[in-house]
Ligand SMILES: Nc1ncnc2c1ncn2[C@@H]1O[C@H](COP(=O)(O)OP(=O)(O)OP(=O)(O)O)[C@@H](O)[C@H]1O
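Presented below, as structure tokens, is a lone chain in the form predicted on its own.
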């Protein structure tokens, strides 16, 4: 028994040292002091931003300059690993830039109190984190003290009200740990409802609708325009259908912005001013820049011989 006791004490001391290191670690992100209201709401600006993850010498983003106006819907596309998620993670200041600056409402994010900054931003991710509580409680986690009517309105905007109400217990349905009792699309819609419930100035969808069918996704973005018309929306997506209603599309490659423009200016038939509901893919496309070839390849790989416009 003495030997066992000695072993337990030794293990306890070793564990305590590791736990103490975590508890006593000083955060690398230092809180700013700015928490006042701003005259501008929902504006984002990247000024010559470069970024590398801590401990890595390889730059993930290089010389990014971008301005998103209040109320604008901007879509970000590009190949896997081009830096799309890294770019949007700098907005709520999950990381600090290596050089340059990120401004929200005209103020550098490093000057904000982190709580004040993140109250301006709502994020919905591809992987939905759900808890072992009711659906209503999972959605309500997005806004403290949210009324039941607000929760239902957010769920309706996220196209989740239909399957929730169809259940035996409705919004009181208990969700299994990590959402194992729901399908991928259902989990994503609950996660989106949680994000839009906040009515934040900036709404970020990081491939958050990847598990939805095209019709549901189209209904979602249409409903969001009515539910939060003034909020700025950043949509990171892989599918052309997900971004066709955006005001502007940004194409990234290897940590840089190759080009940005309204969607219809990417693919425009030469000698034609009228854009029909569906444009045929032909060899006579006049591209605004040779770099838009990447966007052309994305369109062709997903939509074959036709490019659909909303």
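Positions refer to the first chain, counted from 1. Fair warning: this is a prediction, and the values are worked out from it, not measured in the lab.
What comes next is about the form predicted in complex with the ligand, which is not displayed.
*Asks:* Looking at 187, 84, 233, 120 here, can you tell me which has any non-hydrogen atom within 4.5 angstroms of the ligand in the predicted bound form?
*Replies:* The option sitting close enough to the partner is 84.
*Asks:* Tell me, out of 227, 95, 141, 163, which residue has a non-hydrogen atom within 4.5 angstroms of the ligand in the predicted bound form.
*Replies:* Exactly one listed residue reaches within 4.5 Å, namely 95.
*Asks:* Looking at heavy atoms inside 4.5 Å, which stretch does the ligand contact in the predicted bound form, given the options 216 to 224, 85 to 93, 142 to 150, 103 to 111?
*Replies:* Of the options, only 85 to 93 has residues within 4.5 Å of the partner.
*Asks:* Do residue 168 and the ligand come within 4.5 Å of each other in the predicted bound form, heavy atoms counted?
*Replies:* Taking the distances in the predicted bound form, the answer for residue 168 is no, it never comes within 4.5 Å of the ligand.
*Asks:* Look up in the predicted bound form whether residue 60 has a non-hydrogen atom within 4.5 angstroms of the ligand, and give yes or no.
*Replies:* So residue 60 counts as contacting the ligand.
*Asks:* So in the predicted bound form, is the ligand close enough to residue 79 to count as touching (4.5 Å, heavy atoms)?
*Replies:* Contact check for residue 79: yes, within 4.5 Å of the ligand in the predicted bound form.
*Asks:* Taking the ligand as it sits in the predicted bound form, is residue 136 in contact with it (heavy atom to heavy atom, 4.5 Å or less)?
*Replies:* Although the ligand is absent here, residue 136 would stay clear of it in the predicted bound form, with no heavy atoms inside 4.5 Å.
*Asks:* Can you name the residues of 232 to 246 that have a non-hydrogen atom within 4.5 angstroms of the ligand in the predicted bound form?
*Replies:* Contacting residue: only 238.
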